[in-house]
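What follows is a single chain, given as structure tokens, in the form predicted alone.
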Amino acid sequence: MSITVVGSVHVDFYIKVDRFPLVGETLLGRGFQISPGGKGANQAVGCSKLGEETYIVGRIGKDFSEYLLANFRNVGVKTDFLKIDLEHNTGVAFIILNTSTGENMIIIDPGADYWITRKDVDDALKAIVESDIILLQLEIPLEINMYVSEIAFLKGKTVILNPAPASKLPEEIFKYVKIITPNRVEASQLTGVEVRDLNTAVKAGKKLIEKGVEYSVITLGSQGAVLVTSDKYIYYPSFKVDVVDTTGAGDAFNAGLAVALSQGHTIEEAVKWANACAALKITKIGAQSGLPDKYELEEFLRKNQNYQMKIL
């Protein structure tokens, strides 16, 4: 069993502040650090730390190549199909972390991520064929996501699309995607339904089902998540934890979902795993360093065995 993640690989530049700056204001920050990041990389690392064989397909620049390749090796992510682009910089993200609330503000320069090609995907066909789950996000060109989705669908793979950051999608992509995992902002943009609460989350989820996906899983931040299928709606309240850093929570969620499905769990159980992974992530700083491993997840689920989903 394995998972292939096609997506972005960044370097994150973190700085902590007690509050976000106003427009034109300069604040003194602290705790500056450089960390590996990018939604694709985060999700690949998350899957690998949870014990699943995981490939990453994408591009990085020469500037941070040794650093990023070493990081992937350290956590067991297979980099056979991660290409080094000699003409473009590695994607970067500048992250301001509000230590008072655990919230963040992020600016991204995609760099080499936006130069991934169809040939790169063709060269990685071995990984796609060998994998059960193909996990995608929107920090690489939409054309590439469309291409991967169609190939994976035709080969009978389960395609999970995390439509982040928020973007308009062509209607055709929905027939290739089995599971879509937007947050409330992304769900609103994709469906035209303003997601404010559980009822509107279900309404948006139903519209995504009508577009062609089999399952829509809408994440609601501190409120948890909602699973919508053609015949049921299930609410997953968030686990109660102390929030330290919300960066990468969505990536932890998607990694947990993909691994649970790859290991044969039902979609209902997989969303519970995903919710637990997101909860564990926000208790620690760092988009990747804060991702849980399989032992942490197992222990957390054991301690929360009385957790209850609610059928809406």
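From a predicted model like this one, the values you see are computed outputs, not experimental measurements. Heads up: residue numbers just count along the shown sequence, starting at 1.
There is also a form predicted together with a small molecule; it is not shown, and the following applies to it.
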property: Contact residue in the model of the complex, chosen from 209, 146, 106, 84 - any heavy atom within 4.5 Å of the small molecule; result: 106
property: Contact flag, residue 159 vs the small molecule in the model of the complex, heavy atom cut 4.5 Å; result: no
property: Residue 195, heavy atom within 4.5 angstroms of the small molecule in the model of the complex; result: no
property: Close approach of residue 259 to the small molecule in the model of the complex, 4.5 Å, heavy atom; result: no
property: Distance check, residue 93 to the small molecule in the model of the complex, heavy atom within 4.5 Å; result: yes
property: Among 146-154, 230-238, 93-101, 195-203, the region lying within 4.5 Å of the small molecule in the model of the complex by heavy atom distance; result: 93-101
property: Full three-residue contact with the small molecule in the model of the complex, heavy atom 4.5 Å, for 12, 139 and 247; result: yes
